[in-house]
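So this first bit is one chain, no partners, the form predicted alone, shown in structure tokens.
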Amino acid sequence: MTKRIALLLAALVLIGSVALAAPAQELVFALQNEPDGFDPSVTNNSFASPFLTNVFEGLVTYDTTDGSMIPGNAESWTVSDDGLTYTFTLREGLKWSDGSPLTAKDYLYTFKRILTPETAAQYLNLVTDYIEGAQEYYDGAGSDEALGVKAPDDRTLVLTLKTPAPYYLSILTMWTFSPVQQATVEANGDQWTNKPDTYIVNGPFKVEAFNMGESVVLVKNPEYYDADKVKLERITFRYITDSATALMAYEAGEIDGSRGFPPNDYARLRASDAGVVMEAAYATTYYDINNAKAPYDNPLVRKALNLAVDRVSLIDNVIQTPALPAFSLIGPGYVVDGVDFVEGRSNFGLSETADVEGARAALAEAGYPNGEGFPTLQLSYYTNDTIKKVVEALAAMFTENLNIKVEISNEDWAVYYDNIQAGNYEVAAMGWGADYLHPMTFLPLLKTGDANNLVGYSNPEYDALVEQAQSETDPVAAMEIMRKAESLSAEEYPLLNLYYRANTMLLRAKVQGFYFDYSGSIFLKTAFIAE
């Protein structure tokens, strides 16, 4: 073989090896909102879900191929015959991202931390409503011995419920029940989530960098028990608040996906097969109405607002993505014995398009004929270009159909949500994506005293029905009770329900192996970049 031929063959081998080199396992994904926090025991903010579902894992989790419930940190579990006691056996050798052992005592600490008032856990009710002795513990009248959470050894966790709740296992998939490390929390207080060195996690990824207002960078967690199946080496979540800017970055090849994009580009992107991912959602877009503030404490005023809205126009002309008009809080998706929860349900006097005559009649009955004497309605929203368009459309509908004045205000999410929680609003953009596939993920939003009841609605009969449904073991009977509860509240119009939404995002075809659940959370444990 001549030297020239040998060099040629060597060059061809080099070229071939470059051509066959595996693509970099790195993903850049745009988010339109920065979350209010990264503490899984505290936040209920869906904007935190891309992070929390990928850096933490609880006792049970989801199969990323079909969405079924599978073991997470727990390798197995048993449920007592009376449905009250859940005994979990943790996987052997679990570790935190700092390499230290993760045991059942970490889960015990996490439950107790949620039950500490100073934690201000937004999903507190998911412990106090269900776990034996939890409410008393939270109130300071209970004890460790009476609390239905025990860790008899490093690999065993025992949960005891107050009453049977057949769906409680699905509640445990929520990030709220991800363990947090006692040492790092106690050493750093509420600042433990602010730095990668103190943000100790247990999921498939860990945080490499927090870049305030710009991005969060995740890298593969080598201490994760299933690390061999994790293919992505790096995930960069970039904050691009303007969805049009995010789309430009996507089409320029700067990012691999985006949680949002301009609705008027939906048809074009779908037609060009540009990477629109759409999944059915168990989620409702609604606006909070402050039931505790006059004149919105009057159900007739709330009814007038609901009747004045043209939901079809909002869907077709504003959001321009798949959705269904919503007349009450709970959307389609929960099925028992082949019957969907919403099948045969009333529209509660509402219609898909605006009922102007009915809206004006309700407002007149409330004491404001033709809008006379009605104070200027304060309509508020958090920074988001799509929501801005919805708010502007709603303001026009209220002005035209009710003959009232409307003022629009806008704040960044963190400030906005603080005001919502404090009751400093009148009508405000909100919504809820299911935390688990059951109507009970929605019903507590209107239960008296619940941390997530931000509208001030209170009806003792409704509360009693919700509590009755929580402990009903017959799914058919439970659904009937929940339907009664929903009907009772819907007839008092505590919310301005707009539409049941689908989950949509942009993601390049080369990104494969991800799971996108009904709440809009994206799981990247088994995702990879294909050639």
Partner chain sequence: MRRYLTKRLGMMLVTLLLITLLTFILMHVVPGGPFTNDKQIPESVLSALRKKYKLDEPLAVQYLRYLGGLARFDFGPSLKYTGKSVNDFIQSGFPFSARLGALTLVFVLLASIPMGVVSALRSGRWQDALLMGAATLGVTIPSFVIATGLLYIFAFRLGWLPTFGVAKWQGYVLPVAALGGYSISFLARLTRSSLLEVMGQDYIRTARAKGLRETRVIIRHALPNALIPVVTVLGPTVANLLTGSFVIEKIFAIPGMGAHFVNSITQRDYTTIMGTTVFYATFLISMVFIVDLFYCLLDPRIRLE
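Rigid core (definition): largest C-alpha set, two forms, superposition within 1.5 Å. All of these numbers come straight from a predicted model, not from anything done at the bench. Residue numbers count along the first chain shown, from 1.
What follows is about the form predicted together with its partner chain, which we do not show.
Annotated contact segment (heavy atom within 4.5 Å of its partner chain in the predicted bound form): 188-196, selected among 100-108, 188-196, 391-399, 72-80. With the partner omitted here, the residue from 221, 241, 298, 184 that has a non-hydrogen atom within 4.5 angstroms of its partner chain in the predicted bound form is 241. Taking a 4.5 Å heavy atom cutoff to its partner chain in the predicted bound form, the contact residue among 271, 422, 294, 212 is 212. Although the partner is absent from this view, residue 42 contacts its partner chain in the predicted bound form, with a non-hydrogen atom inside 4.5 angstroms.
Its partner chain is not shown here, and in the predicted bound form it never comes within 4.5 Å of any heavy atom of residue 288.
With a 4.5 Å cutoff on heavy atoms, residue 336 does not count as touching its partner chain in the predicted bound form; it lies far away. Residue contact with its partner chain in the predicted bound form: residue 230 places no heavy atom within 4.5 Å of it. Applying a 4.5 Å heavy atom cutoff to its partner chain in the predicted bound form picks out 117, 118, 120, 121, 122, 123, 124, 125, 138 from 112-142, in order along the sequence. After superposition on the rigid core, displacement of the C-alpha of residue 199 between the shown form and the other one stays below 2 Å. After superposing the rigid core, the C-alpha of residue 421 moves by 2 Å or more between the shown form and the other one.
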